[in-house]
Ligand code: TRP
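Shown next as structure tokens: one chain only, the form predicted on its own.
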Amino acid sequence: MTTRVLTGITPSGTPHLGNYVGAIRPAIAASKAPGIESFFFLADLHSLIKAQEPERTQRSTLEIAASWLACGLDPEQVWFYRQSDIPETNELMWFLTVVASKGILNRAHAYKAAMDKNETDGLDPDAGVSAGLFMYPVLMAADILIFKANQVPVGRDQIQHIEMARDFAQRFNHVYGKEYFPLPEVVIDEQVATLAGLDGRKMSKSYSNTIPLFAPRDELKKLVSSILTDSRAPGEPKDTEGSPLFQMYQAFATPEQTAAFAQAFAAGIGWGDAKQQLFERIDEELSPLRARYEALMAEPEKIEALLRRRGQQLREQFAVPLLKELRHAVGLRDLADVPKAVAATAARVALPVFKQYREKDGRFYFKLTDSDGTLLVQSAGFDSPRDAGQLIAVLKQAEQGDALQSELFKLEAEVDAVLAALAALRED
């Protein structure tokens, strides 16, 4: 059985060594496993939430695409595409939006963090919060569900979004009475490497401590030479534990090379020599990838043609047929079929109705009648319309279940007990 695995890549600047070690390299390796159908998409629509800079968005999308291809992603063996080339995703997002609970979206981490920051700063909770940020989880759910992905590898901070996608899928399946979507599973790789940056903190553009993945050779050497080290002189033993330099070497070396480097640390290697060895080790792995990257960047039209071709194939094979099915499911149908459809729908959904009224005795009553007028439930009298309305609300809870028809015939037996409970409450 084939497992569909989907990975989103947000174009957000030039990729760095941390991206390569922690995401690009392991994801490409995992895509080659037997029984896996991999989907990799450039999340350019998502990137608009953080930055509305057209040139930056365009350039970053090109750099990210070229980086993954240069690192060995085979676009003929995996699905590699651009999010905005699949317009059906946006239509699916709307179908999910109308069944998604606003309460769930209110609890989204990114939205709550923005609100908390505003409150700390003494601002309106929603100041500067766009609808795009609020609706981000729904678009992410559409990205996943449009290709019926089974697994989604994410970091721990993204688990909530996959849980939301499951909730939206489950709700849609329930409302429209069919398993249109499988429920995606979260995949957390506990072994994913987190690379330290130039200053010892996690390598991140937020800290400005990164080494660009395809920096020219001279620039790479200069950046490696600037990695933070302690003041121990040549000849003094050095600790591998907590050393950003040693950790980076380990990420690019074999176990045998790592063991030899650790021995050199224990023997008191000078920091200059250690950095030179690290530079050579990184450059050896990246040099052929850098050459491919530069060739790809020199011919952006080829990347554009590739993304458009794979996007069109995905639309024809998956997205268009699915949306055709979903449009029919939600009622966006050929109007020529209305008479037949209306008759079938009327027969299927003619549900009992509540009617509330006041009798000559001045008391308030309600009754529940079937579509043909048959009396199903008759209430006792109430002193106020509010009391009658409260019981109606209780009874309507049964309409939330799938077995409404069978539940209605049980209600008459339960009415007396509910009335007694309400009467007891009034007496209290």
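Remember, predicted model here, so these are calculated numbers, not experimental data. Quick note: we count residues from 1 along the sequence shown, nothing fancier.
The next section is about a form of this same protein that is not shown, the form predicted in complex with tryptophan (TRP).
Asker: Within 4.5 Å of tryptophan (TRP) in the predicted bound form, do we find a heavy atom from each of H16, A27 and L195?
Answerer: No, the candidate spot makes no contact with tryptophan (TRP).
Asker: Where, among 147-155, 283-291, 252-260, 69-77, do residues come within 4.5 Å of tryptophan (TRP) in the predicted bound form by heavy atom distance?
Answerer: The contacting stretch is 147-155.
Asker: Within 4.5 Å, heavy atoms only: does L368 come near tryptophan (TRP) in the predicted bound form?
Answerer: No, L368 sits far enough from tryptophan (TRP) in the predicted bound form that none of its heavy atoms falls within 4.5 Å.
Asker: Can any non-hydrogen atom of L391 be found within 4.5 angstroms of tryptophan (TRP) in the predicted bound form?
Answerer: The answer is no: L391 has no heavy atom within 4.5 Å of tryptophan (TRP).
Asker: Does F265 reach tryptophan (TRP) in the predicted bound form, with heavy atoms at most 4.5 Å apart?
Answerer: Residue-level check for F265: no, no contact with tryptophan (TRP).
Asker: Should M140 be classed as touching tryptophan (TRP) in the predicted bound form when contacts are defined as heavy atoms within 4.5 Å?
Answerer: Yes, contact at 4.5 Å.
Asker: Which residue, I64, A43, I49, V377, has a heavy atom that falls within 4.5 Å of tryptophan (TRP) in the predicted bound form?
Answerer: Spelling it out, the residue with a heavy atom inside the cut-off is A43.
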